[in-house]
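The data below hold one chain only, encoded as structure tokens and taken in the form predicted alone.
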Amino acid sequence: MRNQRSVKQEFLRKWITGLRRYSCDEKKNMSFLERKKAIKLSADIAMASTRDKTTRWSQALIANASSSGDTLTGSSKNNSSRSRKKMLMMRRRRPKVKSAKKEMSASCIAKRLVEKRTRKLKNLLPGGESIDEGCLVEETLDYIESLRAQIEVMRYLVTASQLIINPYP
């Protein structure tokens, strides 16, 4: 990854540009939820574009943003209906009945545990479902570094805005 300072500066520049676009394009009377979605979407796009589509997670974030058409209100219906379908599918699953207990070797248990954790990690990483296990750790580490940079920039902005609002505590 590049110099952290330059990554943070580029992220901040792109994020502010995205926020300006949403504040100009969208209606001025945005609800709290719409404002939250605009901030999240612009931060995701800024973080992904800072990586110049060199990672799969950045490509997935940009693809998800473009597939929703960059609209803030239109994507909520799709996400809610998807989550409802997912919840219904989870409710319909019946627990497996164990016919006979089998002796499991330690290696079999370890393999299942690794597979379970790998699935969880793939679900957490944008675009992780299509990443093979060999690249998964590298992509995850890069994503975590980018998230840390994003958090630091956001903390700096909060601190700066508090100093502007209350210059003398």
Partner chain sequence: MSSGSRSSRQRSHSTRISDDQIIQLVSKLRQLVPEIRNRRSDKVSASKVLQETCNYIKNLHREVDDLSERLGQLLSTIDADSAEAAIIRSLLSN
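Numbering follows the first chain given and starts at 1. Just so it is clear, the model here is predicted, and its values are computed rather than measured.
Not on display, but discussed next: the form predicted together with its partner chain.
- Under a 4.5 angstroms non-hydrogen atom cutoff, its partner chain in the predicted bound form lacks residue 52 among its neighbouring residues.
- Put simply, residue 106 is far from its partner chain in the predicted bound form: not one heavy atom of it is within 4.5 Å.
- Put simply, residue 140 is close to its partner chain in the predicted bound form: some heavy atom of it is within 4.5 Å.
- Of the heavy atoms in residue 64, none are within 4.5 Å of its partner chain in the predicted bound form.
- Taking its partner chain as it sits in the predicted bound form, the stretch 139-157 comes within 4.5 angstroms of it through a non-hydrogen atom at 140, 141, 143, 144, 147, 148, 150, 151, 154, 155, 156, 157.
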